[in-house]
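Starting off, we have a lone chain in the form predicted alone, written out as structure tokens.
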Amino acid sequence: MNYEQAIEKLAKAGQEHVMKYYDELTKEQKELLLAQIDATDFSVLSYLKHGRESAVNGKITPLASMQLPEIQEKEGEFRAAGLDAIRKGKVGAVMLAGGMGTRLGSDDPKGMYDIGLTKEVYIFQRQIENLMDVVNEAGAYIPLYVMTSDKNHEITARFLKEHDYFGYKSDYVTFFKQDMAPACDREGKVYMEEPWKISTSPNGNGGWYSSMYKWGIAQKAREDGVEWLNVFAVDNVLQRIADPCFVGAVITNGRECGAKVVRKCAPDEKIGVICLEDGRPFIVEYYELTDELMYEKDANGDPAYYFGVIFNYLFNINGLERIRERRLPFHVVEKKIPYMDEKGAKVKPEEPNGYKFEQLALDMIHELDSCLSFEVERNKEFAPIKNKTGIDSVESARKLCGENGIEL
């Protein structure tokens, strides 16, 4: 993109201030800025007008979950089907590892955080050890696709290489970067991080497949015969990845996707709830769950919206390809965004000062025709690390690891 084209694109988006310092930049900085303008999708800013409305627009009804007694009864059948798919190379795993450990007091990627007590045990290490359990059971490696971000790509790739991928065969590990979206102030003007750099942030957990496709990795996976992708969050250190029982249950039940769920510990627990919206699979975020839904009972007298998602989903690639051609909506999230002020000084706000734009996996699920809600034992598969102490913390994860015989 040349200077004139950049000016034209910015004018259409109402973002001419991006070029304020252009004449003062070095040749290299000018090239960087022009390249970023070329790559930036300013149309996401239009969501500022309507994207902060509730994501719940239709009629919410319960989605029956496959519960532990039924799973245990059919475990042999499900496991056999899942192992067969894994051995035939039909299952891949996608680790979402674009986040940083800021809330844990670390400047490194979250996956590099050490939760060990008597030795080094990294979050990345725990995930790969969990995946190795399935590799050893199946006698076959599973392609592992690691999604990073602009902020942590190099250090993540270097860290895993330096640690020899914690015993995982490097031939089966592929990295790709998540797409970024511009961050703006309350008037919809994008912030500048540097005179030559627009402030951006990762485009949310729903952008993983489009990012895979942009990097050519989704196409390569399909060519290699991968039919199912198990996508999971890096921060749950008890996450069971490419779980043969889960994979087999989704396949044998003929669903386009599956979601691992746990029983909520309280009606108002801060966890997304799986349900139906206008008859289609849907996830209601905890902050959008009304009191009426929160305390509603089913025919058996149990809570109707009892199962919360743990961000462990299995998607059929054909389904993902179908919805890739439709653009998922962006959700507007209020955040604290560091920026460069009009005098060129760096500002690190203490309160939210603008908006980031994110696509969410819940919208991917809603676009598909069917989803298997698959219950897992909470204390065996759900130990997210969101905070340093308290609920969903390093402390609580260490305790749960100990209960599961994991040496830290």
Ligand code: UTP
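Basically, rigid core = biggest C-alpha set you can superpose within 1.5 Å across the two forms. Small disclaimer: the values here were computed from a predicted structure and weren't measured. One rule holds for the numbers: they count along the sequence shown, beginning at 1.
Keep in mind that the form predicted together with the named molecule is not shown, yet the notes after this line are about it.
Using a 4.5 angstroms limit between non-hydrogen atoms, P303 is distant from the named molecule in the model of the complex. The closest heavy atom approach of P143 to the named molecule in the model of the complex falls outside 4.5 Å. Taking the partner from elsewhere, R103 is found to have a heavy atom lying within 4.5 Å of the named molecule in the model of the complex. The named molecule in the model of the complex comes within 4.5 Å of no heavy atom belonging to E381. Across the proposed site, M147, V234 and F311 without exception bring a heavy atom within 4.5 Å of the named molecule in the model of the complex. Only one of the listed residues (N205, T156, S211, Q125) places a non-hydrogen atom within 4.5 angstroms of the named molecule in the model of the complex, and that residue is N205. Comment: the named molecule is not present in this chain, but in the model of the complex one of A97, V261, A242, V250 has a heavy atom within 4.5 Å of it, namely A97.
Just one listed stretch, out of 269 to 277, 314 to 322, 167 to 175, 103 to 111, contacts the named molecule in the model of the complex at the 4.5 Å heavy atom level, and that stretch is 103 to 111. Within 4.5 angstroms of the named molecule in the model of the complex, the stretch 329 to 360 places a non-hydrogen atom from each of K335, E358, taken in sequence order. Core-superposed comparison between this form and the one not shown: CA of K356 displaced by 2 Å or more. Core-superposed comparison between this form and the one not shown: the Cα of K119 travels less than 2 Å.
I337 shows a C-alpha shift of 2 Å or greater between this form and the one not shown [criterion: core-superposed Cα displacement of 2 Å].
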